[in-house]
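Below you'll find only one chain, the form predicted alone, shown as structure tokens.
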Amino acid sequence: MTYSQASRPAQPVPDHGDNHQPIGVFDSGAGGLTVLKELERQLPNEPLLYLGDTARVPYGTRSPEEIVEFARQIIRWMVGRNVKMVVMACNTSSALALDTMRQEFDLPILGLIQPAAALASSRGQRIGVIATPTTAKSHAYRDAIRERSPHTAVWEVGCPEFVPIVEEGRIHHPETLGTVRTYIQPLLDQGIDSLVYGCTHYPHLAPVLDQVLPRAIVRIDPAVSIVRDAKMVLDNLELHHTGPLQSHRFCVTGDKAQFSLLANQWLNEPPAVEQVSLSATSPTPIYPIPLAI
């Protein structure tokens, strides 16, 4: 059962004053800023703690064991900073680590796959998914879509070059159009009616994708769906921030320069960026809110 389906906790929710704790958001790099922007749009009063694991980007060619360990380190770090919820703004982590992290950490942890699959299955019958190689190989999207709509046709294509293109600022490079066309053409050959952006980096490629995709094909951005789920969880657990709006915090594990450059391009206000280490994390505290999952 997803957190959006969870009932109100059986025990009273402790009084947290103005619920000033931030929502933790993480990705392998800058791609998760697409989710952060959607959080700002749908939940404008919530303080956010964003972590880009830029020292280890991209995740899409990593092993499942590595992805689980990376997610564990990041969430442990975030819990040590008193987040009230974690949003995995990373499809690879959502596909491979979500279930394990929900077992290990006693706070709401939301992933991208299920919300996007629910939306996709309501929009199309011939669905294409572009994703990192690891996400595509997991068949997480295919399985989640067919769980809801068994007769829907789903094709998944791993696109290993997309994340480096975005992280390196090569979206408008002359060679990028050809690269995008190479990955998309097999899906067009199948006659898809919908396309899921199975990586949070991919909406940044929209100007190039729009040159390749017919307008009739529905584009599905999981960011919209996961933030709707986040809002429902905050409603159910009475965790909405009610005090004065606080500033967001942006952190990276690698060099700040390239992330800052991309964030300056994609966000309304250039953020201050901190470099942090995940190795010096404190033990996971017990989260005080009982959850119904």
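Numbers follow the displayed sequence, beginning with 1. Since the structure is predicted, the reported quantities are computational estimates derived from the model, not experimental observations.
Only in words, not in the display: the form predicted in complex with ligand DGL, which the text now covers.
S.K.: Looking in the model of the complex, any heavy atom of T132 within 4.5 Å of ligand DGL?
M.R.: Residue-level check for T132: yes, a contact with ligand DGL.
S.K.: Considering non-hydrogen atoms and a 4.5 Å limit, does ligand DGL approach V196 in the model of the complex?
M.R.: Answer no; every heavy atom of V196 is more than 4.5 Å from ligand DGL in the model of the complex.
S.K.: Would V57 count as touching ligand DGL in the model of the complex under a 4.5 Å heavy atom rule?
M.R.: Yes, V57 lies within 4.5 Å of ligand DGL in the model of the complex.
S.K.: Since only the chain is shown here, I'm wondering whether A97 would be in contact with ligand DGL in the model of the complex (any heavy atom pair within 4.5 Å).
M.R.: Although ligand DGL is absent here, A97 would stay clear of it in the model of the complex, with no heavy atoms inside 4.5 Å.
S.K.: With the partner removed from view, which of 179 to 187, 71 to 79, 196 to 204, 142 to 150 is the stretch that lies within 4.5 Å of ligand DGL in the model of the complex, judged by heavy atom distances?
M.R.: Single hit among the candidates: 196 to 204.
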